[in-house]
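First, one chain by itself in structure tokens, the form predicted alone.
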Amino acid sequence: MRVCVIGTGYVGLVTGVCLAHIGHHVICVDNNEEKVKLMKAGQSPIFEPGLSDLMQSCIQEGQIEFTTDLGAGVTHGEVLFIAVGTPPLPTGESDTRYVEAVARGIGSHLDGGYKVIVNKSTVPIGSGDWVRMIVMDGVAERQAAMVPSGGVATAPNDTEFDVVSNPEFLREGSAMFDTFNPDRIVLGSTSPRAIAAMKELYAPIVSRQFANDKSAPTVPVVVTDISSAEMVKYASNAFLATKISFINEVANICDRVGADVTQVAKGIGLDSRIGSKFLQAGIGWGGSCFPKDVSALIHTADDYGYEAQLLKAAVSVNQRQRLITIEKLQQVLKILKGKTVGLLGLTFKPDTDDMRDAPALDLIEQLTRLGTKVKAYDPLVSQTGMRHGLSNVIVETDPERLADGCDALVLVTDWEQFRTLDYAKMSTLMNHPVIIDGRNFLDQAALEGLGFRYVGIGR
């Protein structure tokens, strides 16, 4: 099928490349000329394991193209994906101006033939009808521009399209795997024609042709109305965020009563009704999805006269949890003014360069406020030179330089490389061999055997 993906961020670029890989002809559209130039040269503007290699392969096979020309993309595509950002506003609601601009642009370029317009961006619940309205506004503007002065515009007869909600469930750092091995595909529409087109589009993925385990059962396709599909996305992320906040709440109680949250999590996770995923206690959740989506759902509830108390509590617990390592540092080092603390990891999770709403940013801010010198090492940020506007922190180029002169280390991001660092050497470079394991990720016995004072979360 012919596909157009508008927006080449984490969601758009991964979607476009993966659809090209399974056999569709994809045009990716972005209004950033430098970014498009980079992608045409086979370079990914984002870090996602495996993405660059697959993108280069698709370019060589002629399955994917990149352009700034929205009209060319709209004309090309039978299926048009809207995959632009919807960042949070200070109020907590989503900023949909980019979705609106794209929808209007699509309308202004529709010139015949049936199209399926897919909301891949995470948009407020009920946006399907709104997007249709904006597309029609774009169509009307184009039609009006074509009417001679003094003439009367007639209803356009070449704008046959349907809007589908197709939320994404990609995890940064494993987005390629998630695309080819999804738990489910959600399609929101009341149009049988649109649903049929989307099922055709995803058929190779549904049948597991590109899955790691090709013998696995076919991928469930959940067909709903548009609003329910939009709610599935918000509810999924809100539930996972709440589950993390719950185990962090339990961890804080464990700290006070002498229990070990890692053992507690194992015990409750074996209950099939609960499951073990997202029961890793630590310093809280961040990134581009959980904070934005939970806040947006709370805001939607407020708009309709309902107070989402449980979701608000999940956010409150998470905000407090980010600073739990400050309390632990104070318990061990007492006064932090004049001390030096090294952060192991900066990104909000491993295998990504994304620092949006990363817990490390809060730690840097609060430690600096308390008069602490802050250093950091991150396998990706340190090596690529991407500083993401960081201030009040010295970004070191290797773990040993990080440890040198530190009074304590804080593990912030659970990069796999951090399991096997030369902690024996690092301990000799530190003023005090103290490590706060903010993800309960490291081997406590091994570190204590090297002379470290190890402090975990809820342990």
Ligand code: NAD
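Everything numeric here is computed off the predicted structure, so don't read it as measured data. Numbers for residues come from their place in the sequence shown, where the first is 1.
Not pictured, yet referred to below: the form predicted in complex with the ligand.
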item: Contact at Ser127, Phe239 and Ile298 by the ligand in the predicted complex, all three, heavy atom at most 4.5 Å; value: no
item: Sole residue of Asp414, Asp407, Glu65, Asp30 within 4.5 Å of the ligand in the predicted complex, by heavy atom; value: Asp30
item: Selected contact from Asp255, Asp351, Glu230, Glu168, since only one has a non-hydrogen atom within 4.5 angstroms of the ligand in the predicted complex; value: Glu168
item: Which of 118 to 126, 217 to 225, 368 to 376, 244 to 252 lines the interface with the ligand in the predicted complex (heavy atom within 4.5 Å); value: 118 to 126
item: The ligand contact at Phe177 in the predicted complex, heavy atom, 4.5 Å; value: no
item: 4.5 Å heavy atom contact, Arg132 and the ligand in the predicted complex; value: no
item: Proximity of Gly7 to the ligand in the predicted complex, heavy atoms at 4.5 Å; value: yes
item: In the predicted complex, Gly85 touching the ligand (heavy atom, 4.5 Å); value: yes
item: Those residues of 85 to 107 which, in the predicted complex, come within 4.5 Å of the ligand by heavy atom; value: Gly85, Thr86, Tyr98, Ala101, Val102
